[in-house]
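Presented as C-alpha cells, the chain that follows is alone, the form predicted alone.
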C-alpha cells in the first residue's frame, strides 16, 4: 500500500492540486450537464468539466458549485464539487491503485463555517482516507515558509482572506474574510461598462478576460482599449478610467481590512507586520496592487507589500507541505 499526499486549493473560479509525486494541475471549478437529448448524444457523457464545459456552455446547464469560496447549499452543488475533486485527483495521480490511500489538505476561506467544512469531509469520504481542512491564507504562508510577523492577503474569486502570522497557528482574531474579491470586481466592471456604453454585449467570460489582461490600480497606465460588440458589430472602446475605478472598489476594502489587522496587533510588532505584507491569489496579478497597499499604510508609518511569484499553485503547494508535516493530532479521520 502506498500513501499519496496532496494539497488542494479549492477555489470559486479555479481549483489547483499539488501532489507528493511532483505533479501540479489546475482546473476551472465548474461542471456542465447536457441540457437535453441532443446535447447528451453530442457529448456522449453525463457531464463535462472545467474548460471543456466552458467551451460548450451553450449546450449545457452550468454549475459553479462554490459561491464566496464555500459550497452552495444544494445537492447539485455538492455532487459537482465531488466530481471536480475526484477528477482532478485522478488526473494528478494516474498511478494510484485501489489499495492505496490518499491524505489531503484542502484549503478553504479563513472563516468557512463548520457546516461547510463538514460538507467537504462528507463529499470526499469515498476517495480520500484523511482530510485536513486549512485556511487558504495560512496555506500560502506555509508555502513560502513565513511564520514570523507577516500579513497574508489571498485574493481569490469568491473571497479575499487575510491572516496575521506571528510564529504560531493563527487565532480567529488574526483572520478575516471579505466578499470583495474577483467575482465582486467582475460585477462592478460589468456594471460600469454597461452604464457608460449601454449597447455593448458583455458576458462573464469577456469581463474576466478584460480584468485578467488589463486590470490595474496604479496611478498611471497606458490607455486600455478593448474591442466589444454592439448588436454583433465590433468596435474599439476606451475603458482606461472605468477599469481603474472598478479595480479600486476591490482594493479599497482590502486596504481597510489590512489597516484594521495592523492597528489591532501588538504595538511592539506592528511595524514588522506592516512591512511584511504578502499578496497571493488571482487578484495579486492586478498591476500596482502592491503599491496601492503600501500607499494605504502611509499614515501608519508606511509599509511594504510583495506579490507571490506563483499565484496559481501557491495555496496548493502550502497545503501539500502542511499535509506532509502536520502531526497526527491535527488530522480529522474520515
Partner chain sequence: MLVIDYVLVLAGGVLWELWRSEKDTRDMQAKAADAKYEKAFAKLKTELDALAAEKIDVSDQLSQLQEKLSELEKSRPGIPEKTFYAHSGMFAGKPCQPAKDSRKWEILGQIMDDNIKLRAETEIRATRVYNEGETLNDHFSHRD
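Residue numbers count along the first chain shown, from 1. Just so we're clear, the structure is a prediction, and the values are computed from it rather than from any experiment.
Beyond the structure shown, there is the form predicted together with its partner chain, which is absent from this document and is the topic of what follows.
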Check: Of the options 276, 27, 296, 270, which one has a non-hydrogen atom that comes within 4.5 Å of its partner chain in the model of the complex?
Finding: 27
Checklist line | Among the candidates 192, 228, 133, 180, the residue which, in the model of the complex, approaches its partner chain to within 4.5 Å (heavy atoms) | finding: 133
Item checked: Stretch in contact, per heavy atom within 4.5 angstroms of its partner chain in the model of the complex, of 244-252, 258-266, 230-238, 124-132 -> 124-132
Item checked: 4.5 Å heavy atom contact with its partner chain in the model of the complex for all of 169, 313 and 322 -> yes
Next item on the list: Give a yes or no for residue 80: in the model of the complex, does one of its heavy atoms lie within 4.5 Å of a heavy atom belonging to its partner chain?
Entry: no
Notebook entry, point to check: Is there any non-hydrogen atom of residue 12 lying within 4.5 Å of its partner chain in the model of the complex?
Noted result: no
Note to self: Since only the chain is shown here, I'm wondering whether residue 52 would be in contact with its partner chain in the model of the complex (any heavy atom pair within 4.5 Å).
What the structure shows: yes
Notebook entry, point to check: Taking heavy atoms and a 4.5 Å cut-off, does residue 214 contact its partner chain in the model of the complex?
Noted result: no
Margin query: Going through 15-32, which residues have a heavy atom within 4.5 Å of its partner chain in the model of the complex? Please give them in sequence order.
Written below: 18, 19, 20, 21, 22, 23, 24, 25, 26, 27
